[in-house]
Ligand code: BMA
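The chain below stands alone, shown as structure tokens; this is the form predicted on its own.
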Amino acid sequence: MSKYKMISEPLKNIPWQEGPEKFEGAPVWRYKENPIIGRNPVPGVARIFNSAVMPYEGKFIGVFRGEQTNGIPYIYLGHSEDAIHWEFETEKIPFIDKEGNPFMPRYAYDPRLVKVEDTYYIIWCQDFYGASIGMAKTQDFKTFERLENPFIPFNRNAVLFPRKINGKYMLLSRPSDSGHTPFGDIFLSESPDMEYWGHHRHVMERSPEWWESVKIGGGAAPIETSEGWLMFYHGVSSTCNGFVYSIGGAILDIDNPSKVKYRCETFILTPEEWYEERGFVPNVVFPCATLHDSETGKIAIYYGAADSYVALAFTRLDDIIDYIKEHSVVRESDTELGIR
């Protein structure tokens, strides 16, 4: 019998592959046939990575960072029967404004896809006189209406919660700068209408642990559980040979998610396989989405690998929550409400 409960719809056709009986570290294992998306997936696109997927009409749909052969990233739509083998639309997602006129960003990358009530929201990083957050909504994956930019520059790694909390939309983000961000903590903002954002709160700061000592940022949309919001995020370290991106895990308070209940001091996944260590940007695992089944506790984590591929890893709810709690180290800045 499960120790913890996942508060979400069942997903009987979740992609799955059993892992080992024992683990040396975190109870997370890779799909043996990784990467699930390779190079040159469609004409004009050299690499797809850092992308997000969701169940849709009994199958799966996703928004994908497609790095074009001219180097400019845009967002492409993908469809799948099993969430492993994907077919992509060859044209970029055609964003429009509220009047129905074409309204394409100059570039767009690292999208997330989150359903809140009956609407699907796409959140990405774009240019708004500097790196900033772009947002759009759809209900049928045919019409994509852009929303107002939630913040001024500079900001990245925005992740929407999958339901309103205390009647408000909740959005994680990582304030940035115009460069590669020599700092970076996760913040929380709320909105009554997905247009005006405020009541900003600090959630988590980078930590002394080497694997997340440079910066951290939101990853997949938090999963609602009986223990709190389960969040997979990325942490960055700096080495003599460049940055290393790993995946971490934390549990946020269910009603006040700016408060961290548990935070794993060790990474749960770090670059070790060839497709993570070798690529356009080496040594990167970057989570952007999960699929999860509330009946079995199965969780599939989708992550970008080396800015070149999409890969898949698995865990179980009970195992990952226990691991995070057993290895938790929280600081005052984690557990406070985040107001100064």
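Quick caveat: nothing in here was measured; it's all calculated off a predicted structure. Heads up: residue numbers just count along the shown sequence, starting at 1.
Keep in mind the form predicted together with the ligand is missing from the figure; the text below concerns it.
Taking non-hydrogen atoms only, residue 284 approaches the ligand to within 4.5 angstroms in the predicted bound form. In the predicted bound form, the ligand lies within 4.5 Å of some heavy atom of residue 65. Contact annotation for residue 190: none of its heavy atoms lies within 4.5 Å of the ligand in the predicted bound form. The ligand is not drawn, but in the predicted bound form it has no heavy atom within 4.5 Å of residue 263. For the residues 109, 161, 267, 121, the 4.5 Å heavy atom test against the ligand in the predicted bound form is passed only by 109. Annotated contact segment (heavy atom within 4.5 Å of the ligand in the predicted bound form): 109-117, selected among 109-117, 78-86, 161-169, 205-213.
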